[in-house]
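Have a look below at one chain only, the form predicted on its own, in structure tokens format.
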């Protein structure tokens, strides 16, 4: 009986050893098969990480560039506003001489051409009232409003029927030119391109 038990144990031991050997061989084979896949996955993770790092770096640089550009634009805008303020002060205190009288005549000519009529009511500030009144001699159908307007200089012209109006004050002309002037200055300083 001991021989039988020994045989059974020996057989079982051989079977277990064979199973262990097969399992070890299968595991080694699976591991050997998995190694290239794991290395590929590792390489892919490293590659993706590098791409993400480059992307984040570009975002940071782009954000910094945008921030610097915005700072430049704000500084430029502040400077332009100061220039406009200074220019407007100088224009408002300009001497009402013969050159200025010619400007008023030109503004009046331009305004009536744009409106397509000389039957107009002209408004101006109190400083320009006399110059506008003398320029109206060329336009017998035009009249000067008794109410002065608030502006640096120039005129506002309305058709007598009230259907059309053209603001040809120096203030309005400057406002119409402001975006072009800003763009020109920004271009000269290399900002906003």
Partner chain sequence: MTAEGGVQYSKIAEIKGPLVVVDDVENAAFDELVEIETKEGERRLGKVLEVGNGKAIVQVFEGTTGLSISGTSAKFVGKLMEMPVSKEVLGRVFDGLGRPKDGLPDPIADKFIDINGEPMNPEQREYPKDFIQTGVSVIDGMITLVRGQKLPIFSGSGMSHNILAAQIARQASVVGTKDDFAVVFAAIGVQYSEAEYFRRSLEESGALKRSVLFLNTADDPAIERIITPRVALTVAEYLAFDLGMHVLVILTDMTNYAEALREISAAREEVPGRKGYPGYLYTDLSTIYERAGKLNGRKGSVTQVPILSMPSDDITHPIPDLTGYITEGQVVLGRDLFRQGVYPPINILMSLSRLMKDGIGEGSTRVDHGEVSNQVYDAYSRAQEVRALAGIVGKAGLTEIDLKYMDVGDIFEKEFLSQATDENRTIEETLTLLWKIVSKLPKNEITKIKDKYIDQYYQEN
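Note that the coordinates shown come from a computational prediction; the quantities given were computed from them, not determined experimentally. Numbering follows the first chain given and starts at 1.
Same protein, other form: the form predicted together with its partner chain, not shown, and the subject of what follows.
Student: Between its partner chain and 59, 70 and 179, in the predicted complex, does every residue show a non-hydrogen atom at 4.5 Å or closer?
Tutor: Yes: 59, 70 and 179 each sit within 4.5 Å of its partner chain in the predicted complex.
Student: Counting only non-hydrogen atoms, which stretch in 146 to 154, 121 to 129, 26 to 34, 47 to 55 is within 4.5 Å of its partner chain in the predicted complex?
Tutor: This holds for exactly one stretch, 47 to 55.
Student: Using 4.5 Å between non-hydrogen atoms, is residue 80 touching its partner chain in the predicted complex?
Tutor: Judged by the heavy-atom cut-off of 4.5 Å, residue 80 is in contact with its partner chain in the predicted complex.
Student: Would residue 65 show up as a contact with its partner chain in the predicted complex if we use heavy atoms at 4.5 Å?
Tutor: Residue-level check for residue 65: yes, a contact with its partner chain.
Student: So in the predicted complex, is its partner chain close enough to residue 74 to count as touching (4.5 Å, heavy atoms)?
Tutor: Heavy-atom contact with its partner chain at 4.5 Å: present for residue 74.
Student: Any of the heavy atoms of residue 138 lying within 4.5 Å of its partner chain in the predicted complex?
Tutor: Although its partner chain is absent here, residue 138 would stay clear of it in the predicted complex, with no heavy atoms inside 4.5 Å.
Student: Report the residue, out of 101, 115, 87, 94, that has at least one non-hydrogen atom within 4.5 angstroms of its partner chain in the predicted complex.
Tutor: By the 4.5 Å criterion, the partner-contacting residue is 115.
Student: Using a 4.5 Å heavy atom cutoff, which residues in 143 to 173 contact its partner chain in the predicted complex? It's fine if the answer is none.
Tutor: Contacting residues: 162, 163, 164, 165, 166, 173.
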